[in-house]
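A single chain, nothing else alongside it, follows as structure tokens in the form predicted alone.
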Amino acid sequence: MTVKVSLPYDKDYVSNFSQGLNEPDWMTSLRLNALDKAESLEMPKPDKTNIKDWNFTEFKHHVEGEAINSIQDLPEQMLNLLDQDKEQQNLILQRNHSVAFSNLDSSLEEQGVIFTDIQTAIRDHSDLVEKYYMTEAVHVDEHRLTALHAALMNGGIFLYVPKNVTIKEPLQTIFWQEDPEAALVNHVLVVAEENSSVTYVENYTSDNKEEKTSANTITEVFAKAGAKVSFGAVDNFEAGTTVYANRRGVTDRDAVIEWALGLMNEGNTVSENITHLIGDNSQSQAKTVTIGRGAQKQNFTANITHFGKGSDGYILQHGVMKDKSSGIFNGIGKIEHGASKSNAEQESRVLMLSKDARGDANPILLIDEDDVTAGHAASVGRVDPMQLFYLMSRGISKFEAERLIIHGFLAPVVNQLPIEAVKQQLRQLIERKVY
């Protein structure tokens, strides 16, 4: 039985919003159809986490953000995310729901690289966006949050890398939720054509410790035959933002998608990171690090599904829980029938720093083919007293010893981020959240 729900915005609003952006007919129709579906679809049901009362419907939908003329005009908190030694920044800054700053090296433009906000892409590259937008990786009617996302999408990025183009320097986006009540309903779409290569990094940041809003973000990454996409992210929403983050990838033959995700939100969070290894000999690594504190509830699912022969998937999740926080870590490696010679490996580890913290690591292997290799490891526990004793016996204080252990515990993911300034930011967030 389906249950009708009260949605925050109606058809007239959605239609006027789309027309105000000069969107093509296909996008307006998609939004309106999605809004219809959202009324009857159920909420997602993450394992062992009840999100029924979480706030995903109370927010401001469209808030302009002031433009910035140069990088040097950025607030300090944004400058800290950039490598300021570089004169050229391939960067887009979204401030609330507007592009405040955008820059792309002219040599990349000459090669046909498209790096722009999603709404400009929908207008200027309509056929290309329509081909991939919520057609294969994520579908509108999966549940209420995907439908609401499709209806109310208000920001995001489109990155397109043509065939045989290698981008050596990372491309970066900063999503700044400046207005404390503005919801980010961002859609990030990355398409890497055959034998191309790109590194993309995004940062989410907000200022709302008390005001209530939400983030409903979807990412779709497509790596064509022989392409490689390295995707790094640091999510740092404040406590007032309830987060649903859905990042998905699809690989063709010999393609690679690497995920390095620092999920450092202060509010309740549901995160999905799913990759479909469609092509033979395709690969994916999904690495996630997180810290929970206060009474925060978080649920993380990493899923790599193998369809192609000889495909290789590796999941690594490390989490630290303190105070009364709780974290569920689901790792799913699935090898479909026909994906012979494939390899599915995963490791989920949770470190609890207080007696009231809770962690749950659930390794799952679903194997429908005989000629494969697969393995998993999972652990949930507290700081090893023998490690503490060893470090303290070398003259290190207990406080500093715990600090070193925690940083070492999270390092396998932190070290994978490709921009040094972002890597340093993640280390600082770890320091701030743990102590």
Partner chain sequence: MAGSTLEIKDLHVEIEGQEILKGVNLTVKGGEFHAVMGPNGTGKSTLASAIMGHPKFEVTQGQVLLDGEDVLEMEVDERAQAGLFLAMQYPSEISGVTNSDFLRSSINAHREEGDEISLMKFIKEMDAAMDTLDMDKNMAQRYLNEGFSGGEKKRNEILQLMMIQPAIAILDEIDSGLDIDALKVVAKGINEMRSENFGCLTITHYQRLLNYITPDKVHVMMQGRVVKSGGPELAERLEAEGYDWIKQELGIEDETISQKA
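Positions refer to the first chain, counted from 1. Please read all numbers here as calculations on a predicted model, not as lab measurements.
Below, we refer to the form predicted in complex with its partner chain, which is not included among the displayed structures.
Peer 1: Counting non-hydrogen atoms within 4.5 angstroms of its partner chain in the model of the complex, say which of A67, L366, M392, A377 makes the cut.
Peer 2: Only one listed residue qualifies here, and that residue is M392.
Peer 1: Given that its partner chain is not shown alongside this chain, does Q387 nevertheless sit within 4.5 Å of it in the model of the complex, heavy atom to heavy atom?
Peer 2: Judged by the heavy-atom cut-off of 4.5 Å, Q387 is in contact with its partner chain in the model of the complex.
Peer 1: Are any of the heavy atoms in W54 no more than 4.5 Å from a heavy atom of its partner chain in the model of the complex?
Peer 2: Answer no; every heavy atom of W54 is more than 4.5 Å from its partner chain in the model of the complex.
Peer 1: Looking in the model of the complex, any heavy atom of K398 within 4.5 Å of its partner chain?
Peer 2: Looking in the model of the complex, residue contacts with its partner chain include K398, since a heavy atom lies within 4.5 Å.
Peer 1: Taking the shortest heavy atom distance, is G381 within 4.5 Å of its partner chain in the model of the complex?
Peer 2: Outside the cut-off, so no.
Peer 1: Determine which one of 27-35, 404-412, 40-48, 54-62 lies within 4.5 Å of its partner chain in the model of the complex, judging by heavy atom distances; exactly one does.
Peer 2: Among the candidates, contact is made by 404-412.
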